[in-house]
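To begin, one chain is listed below as structure tokens, in the form predicted alone.
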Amino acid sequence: MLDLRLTRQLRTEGTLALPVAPGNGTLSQDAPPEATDDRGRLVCGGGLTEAELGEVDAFVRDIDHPGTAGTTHLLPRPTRQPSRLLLVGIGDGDEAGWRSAGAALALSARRDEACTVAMPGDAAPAAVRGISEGIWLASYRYRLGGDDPDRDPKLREVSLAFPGDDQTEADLDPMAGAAEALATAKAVAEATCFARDLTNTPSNIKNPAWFAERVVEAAGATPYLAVEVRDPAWLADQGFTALLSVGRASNHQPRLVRLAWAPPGATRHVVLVGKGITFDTGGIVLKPRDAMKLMRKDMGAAAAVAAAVLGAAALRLPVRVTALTPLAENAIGADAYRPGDVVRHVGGLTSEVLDTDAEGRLVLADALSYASRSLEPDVLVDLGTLTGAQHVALGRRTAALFSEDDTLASGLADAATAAGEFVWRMPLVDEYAEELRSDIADIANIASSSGGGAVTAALYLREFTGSARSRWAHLDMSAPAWSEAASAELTKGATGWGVRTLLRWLSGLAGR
């Protein structure tokens, strides 16, 4: 990650970024007087002289800079310092607007080694958090090959400069919570990038054991953070027959990772469960090539819940959080499980397998049943790249949220909005549960008729939540886990979707 710091000193070399708000917005106290029209207006003068500000104002008028969030215009000044002025729109000046500005800045200044952002003196901590997350997330890169000078950014350092007398950075801690906001943004961005790294890794490298090793390494020796990796023998002993069935045709056998953050004094226990299919062929019900080529992302939910617990530990949140990641590779082979098989889950319920490409709900069912029976969760939340129906219903950026708990659902939805991710609450239609009837087992793993696939998948999972049913939520994040192109703070590839939402929600539970 690039170096992002707070300072009182405006750099005179390189690029200086100046925030711009819409013309009818509210200006900071340090802003120069501007006409009240629809064009953008500077929020902070950035140490420029009155004559220079007049030049910038004329440029803003000439290009009709609207000040909308993420809009950028460059003013070159080759004979002066700073040599480039980057005018970045912040929209309403809320956290989302500053996040968009940070993402746009990371792209526009990618060819510079350093950039300074002129922050207004009255910038709220949310502004610091927003622009920092935007910069860090948009500058993320994953690459296994050598350097690519045409794509790899040169930007290594960004300074957020606040007006005032020269001071050391240590003196900035009391200033409007900026240092704390920066530290929070860094923890969230690091956790999100960890999830992106795991998800982006090709499946010839990534398998259940590899995933488990990366989580163990990331947890390290952090106090109050414990990790356990359960092997096939333990899984068989505990009744994880569905998980073992999904993974039995692969040379890379299943694992279950349990990652727990248990700080002293924390009593409320949140359990997060994430689908962890490290590659999905579809099994005997083989996927077509185009549907299979990106199936390295099918463990994006496991990456998200593990990263969220690591983030909670980094933030020292006073909430007990456990992540369970049921990990398997859904392969084909002589020993592959078949359509028509019946598998027994933790706790004894049985599923008739009507579709081997509906494997995610089978492994989640085992983990949910184990969590509700053995971990005594106060709240149980599962995530999965589960259905194509989610994409059909809600598109690429919005996850489907299911829960019978209004408070839990609204808390997760509010957290997603604040974090810059999106969810939409979907109904749990009890009548649809009839379509999951099986003649030979307790339940079928897909519905008997087409339509409502995301709903019936959620209804299937609900059957395995046990006593936690009234405190359970399910997030189907199949499409949002991957981005086909860079967009704002999302880079092409894995998005790390869910990490920011979960950390914002957990922070709210902790009263932060």
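Because the structure is predicted, anything quoted here is derived from the model rather than measured. Start at 1 with the first residue shown and count on from there.
We do not show the form predicted in complex with a small molecule, though everything after this point is about it.
Self-check item: Non-hydrogen atom contact residue 87 with the small molecule in the predicted complex at 4.5 angstroms
Solution: Because no heavy atom of residue 87 falls inside 4.5 Å of the small molecule in the predicted complex, the answer is no.
Self-check item: the small molecule contact at residue 275 in the predicted complex, heavy atom, 4.5 Å
Solution: Flag for residue 275 set to yes.
Quiz item: Do residue 358 and the small molecule share at least one heavy atom pair within 4.5 Å in the predicted complex?
Solution: Residue-level check for residue 358: yes, a contact with the small molecule.
Exercise. Look up in the predicted complex whether residue 305 has a non-hydrogen atom within 4.5 angstroms of the small molecule, and give yes or no.
Key: Outside the cut-off, so no.
Self-check item: Residue stretch of 290-298, 410-418, 252-260, 372-380 approaching the small molecule in the predicted complex, non-hydrogen atom distance within 4.5 Å
Solution: Among the listed stretches, the partner-contacting one is 290-298.
Quiz item: Pick from 388, 121, 427, 395: which residue has any heavy atom within 4.5 angstroms of the small molecule in the predicted complex?
Solution: Contact residue from the list: 388.
Quiz item: Is every one of 280, 446 and 478 within 4.5 Å of the small molecule in the predicted complex, counting heavy atoms?
Solution: Heavy-atom distance to the small molecule in the predicted complex: all three under 4.5 Å.
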